[in-house]
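The chain below stands alone and is given as structure tokens, in the form predicted alone.
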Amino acid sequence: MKKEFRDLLKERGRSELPAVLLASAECAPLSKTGGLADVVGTLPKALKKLGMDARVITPYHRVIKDKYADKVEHMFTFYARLGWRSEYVGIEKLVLDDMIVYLVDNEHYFGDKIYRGGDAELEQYAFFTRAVLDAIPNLDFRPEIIHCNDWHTAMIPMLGKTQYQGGMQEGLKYLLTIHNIAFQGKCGFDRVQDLLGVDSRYYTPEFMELDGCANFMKGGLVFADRINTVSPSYAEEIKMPYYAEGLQGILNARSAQLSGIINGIDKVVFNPSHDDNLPVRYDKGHLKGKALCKAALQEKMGLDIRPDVPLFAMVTRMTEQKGFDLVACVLDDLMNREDMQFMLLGTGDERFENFMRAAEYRYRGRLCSFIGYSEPLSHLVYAGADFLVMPSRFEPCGLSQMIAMRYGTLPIVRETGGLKDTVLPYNQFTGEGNGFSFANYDAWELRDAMRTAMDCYRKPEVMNGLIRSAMEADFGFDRSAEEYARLYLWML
């Protein structure tokens, strides 16, 4: 244990770091639809290195059952109250890569999609909330802190402090992490009463009411002991109406308990010197392999094999939140005026998918798209591209820019959220930087940033310096874990 943590423990009259239970709708590698799963699947392992017992509780989704059923240990069974319903709960235990995961089993709620959407999803995670709270006293583990993630688990602090008075749940500390405030879990008050039996005195703006609806996220923000989000800049942004999705009032009221911790990436999984998905491996001192990966990517995607042109790439959802409307606005201008290549890996809005298909026809050999997702291909894109484009309207943290830098691919980002916190824009006077950025949500600013990147590409000395700087940046989860450990200690 680091001296810093020994001193903090002594200051608080403790002999050991707190035990933490992370509650989440998904957890990599068991179940994953986005960055939330990566955080929940990586943080406990990083905390363990610090001497902390951190475990996960998550639904026993069908995708987990299909792959890991023979590795789980059944712990206990009970029936949870969900309004007028009495629902089966099985608690299973899985040890995977030194991480202990408790799985909440119910075939009705978790036997299909991770997220069912609409009211069905609301009921899914109301059930999960109740099951977690009822299971806690019976686990072979005594957490002091429950670390909740996004709206799917945001009602755990509220219920723990209002419906479990006198139980151990009331005495626990609750941290709520906001991964994306755009998703809040909204329903009518009759529905939240039907599912969770919330007392009507909490149906007010002081507690969980927002715009005439019950709001799961707001309930969590009111009752959690601490609130954090996944980058310092996003923690400041969500106090403003443009980013807060209506929750700026409670976030400003609780600003003293709100902070941001930047996410990290798994440096073992994302490592160009040991990545089995690459045809050639490389590191910052031997970049010839990166050039060979570029040629392999160009060949695989039907692009002209040209080392002399910059290859811009996106690994993204094609949505306005990810800034794809800006890309669609300037792509033809860039392709017609510049000697460059562009590729995309991802899915999204139908109009943007069709835009990419049409563009691929117009610029065959110079532009391509893979409408879908492939994890091995994404690794090759991160290694083979010269630049990764991320012009997001908002981005709580973002992982792609960190992964790209790990592979020596320079990000081009809008200065928002975690993108602003992780990408140091190129300074033409000092040569410093690990990528490129632009300030306003403006297509022509994106175009200019991409042109600046092209100018650097034509200057090998500048480009190599930026690549080295990007690859030397440390975005591992160890740093994030230390910040979470401090936050947990401050909560006690």
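Numbers for residues come from their place in the sequence shown, where the first is 1. Since the model is a prediction, treat every value here as computed from it, not as a measurement.
What comes next is about the form predicted together with adenosine-5'-diphosphate (ADP), which does not appear here.
You can rule out all but one of 220-228, 295-303, 397-405, 155-163: in the predicted bound form, only 397-405 has residues with a heavy atom within 4.5 Å of adenosine-5'-diphosphate (ADP). At least one heavy atom of R317 is located within 4.5 Å of adenosine-5'-diphosphate (ADP) in the predicted bound form. When adenosine-5'-diphosphate (ADP) is considered in the predicted bound form, E375 lines it closely, a heavy atom lying within 4.5 Å. Under a 4.5 angstroms non-hydrogen atom cutoff, adenosine-5'-diphosphate (ADP) in the predicted bound form has K32 among its neighbouring residues. G185 falls outside the set of residues with a heavy atom inside 4.5 Å of adenosine-5'-diphosphate (ADP) in the predicted bound form. Within 4.5 Å of adenosine-5'-diphosphate (ADP) in the predicted bound form, a heavy atom is found for every one of L36, K322 and L345. Residue in contact with adenosine-5'-diphosphate (ADP) in the predicted bound form (any heavy atom within 4.5 Å), chosen from M390, A235, L172, L311: M390.
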